[in-house]
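Same chain, two versions here, written out as structure tokens and called structure 1 and structure 2.
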Structure 1
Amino acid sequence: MYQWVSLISLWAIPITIAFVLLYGWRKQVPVYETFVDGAKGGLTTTIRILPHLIAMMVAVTMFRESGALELLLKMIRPALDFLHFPEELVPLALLRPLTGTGSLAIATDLIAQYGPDSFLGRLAATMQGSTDTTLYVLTVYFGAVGIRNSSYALKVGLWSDLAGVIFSLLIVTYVFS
């Protein structure tokens, strides 16, 4: 199973690249010029995203470093105890929608501290894998096309992150204990 999965991870991208290029070549697309033309779009998109990303990163870093995150954790502790949610994983669950690299750092730290095959280690890995950086995705995706009013998208994203956290807890508890 493991070998099969790692084989797919290894081959997925090279096969995609080769297939797209060969298919384009067969359809008489000038592959090099077309690639360069498309890649140019990547440059303009990056420049459009940059200000949005800077704004969001400043806010998130300030929130974490000022101790506001800690304070928030303290405030919601009674609710966590009530739900039997492991306290060690709260920073991960809270930071996940805000910062991908930040939550990855926390997940790695948890795995290092408690061991990859502990309950907390498995839960951290599953949680990190089944939720996403909602605020980042929203900033990047909507920033790139100039959307100012995100409508109800943020609410849906945050609810689905919460669903991912709850499902992770339930499924990891069920499977590994």
Structure 2
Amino acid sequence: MYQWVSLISLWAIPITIAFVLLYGWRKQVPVYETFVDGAKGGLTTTIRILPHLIAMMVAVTMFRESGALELLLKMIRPALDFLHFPEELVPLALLRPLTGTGSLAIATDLIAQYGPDSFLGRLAATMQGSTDTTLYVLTVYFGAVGIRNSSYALKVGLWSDLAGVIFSLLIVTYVFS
């Protein structure tokens, strides 16, 4: 199983890039010009979402620095022990829906501390890739286009994040144990 995962991860991105280029060429799409137009649009979007981004970054920093994260960890420790969920990964699971940068910093620290081929390193990397920054997406992108009622998207996003955490644990345990 490990060899298949390694082979897929080695070739997934080059094959995807080649497929996109060949598909664009076959459909006679000016690939480079389309890319440049998309980059221009991306820059415009970046400027439009900057205020929402700053607000989200301030909120996340306040959550971490206020000690609220540590208090929450103390409260849920019995449930973690019951579920055999590694306590080291709770900050990653909790912060991932809030912030990509903050959760990436936590994942990087875990990988540096335990090693990339350790159970915790692999689980951190899998969780980082299997979940999304739900609240960030809702705040920044929905705010940028003026969507105010995002309650259904919030529910679906948080349930998806929970599923990503659960299945990351199950799959990493199955593949690498």
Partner chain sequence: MLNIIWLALIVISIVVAAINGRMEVINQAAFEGAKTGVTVCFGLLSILAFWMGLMRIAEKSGLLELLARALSPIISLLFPDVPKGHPAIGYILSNMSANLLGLGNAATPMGLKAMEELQKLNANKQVASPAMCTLLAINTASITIIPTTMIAIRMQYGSVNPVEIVGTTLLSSFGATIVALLIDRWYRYRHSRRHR
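Throughout, rigid core stands for the largest set of C-alpha atoms superposing within 1.5 Å between the two forms. On a predicted model such as this, the values are computed, not experimentally measured, just so you know. For residue numbers, the reference is structure 1: its sequence is counted from 1.
Chemist: Among the two displayed forms of the chain, which is the form predicted alone?
Modeler: The chain shown second - structure 2 - is the form that fits the description.
Chemist: Superposing on the rigid core, does the Cα of P30 end up 2 Å or more away between structures 1 and 2?
Modeler: Yes; P30 is a residue whose C-alpha shifts (by 2 Å or more) between structures 1 and 2 when the cores are overlaid.
Chemist: Taking the rigid core as the reference frame, is the Cα of Q113 displaced by 2 Å or more between structures 1 and 2?
Modeler: Where the cores coincide, Q113 shows only a C-alpha shift between structures 1 and 2 that is less than 2 Å.
Chemist: For a quick test of reading the superposition: does F19 move by 2 Å or more at the CA between structures 1 and 2, rigid core aligned?
Modeler: Yes, because once the rigid core is superposed, the C-alpha of F19 moves 2 Å or more between structures 1 and 2.
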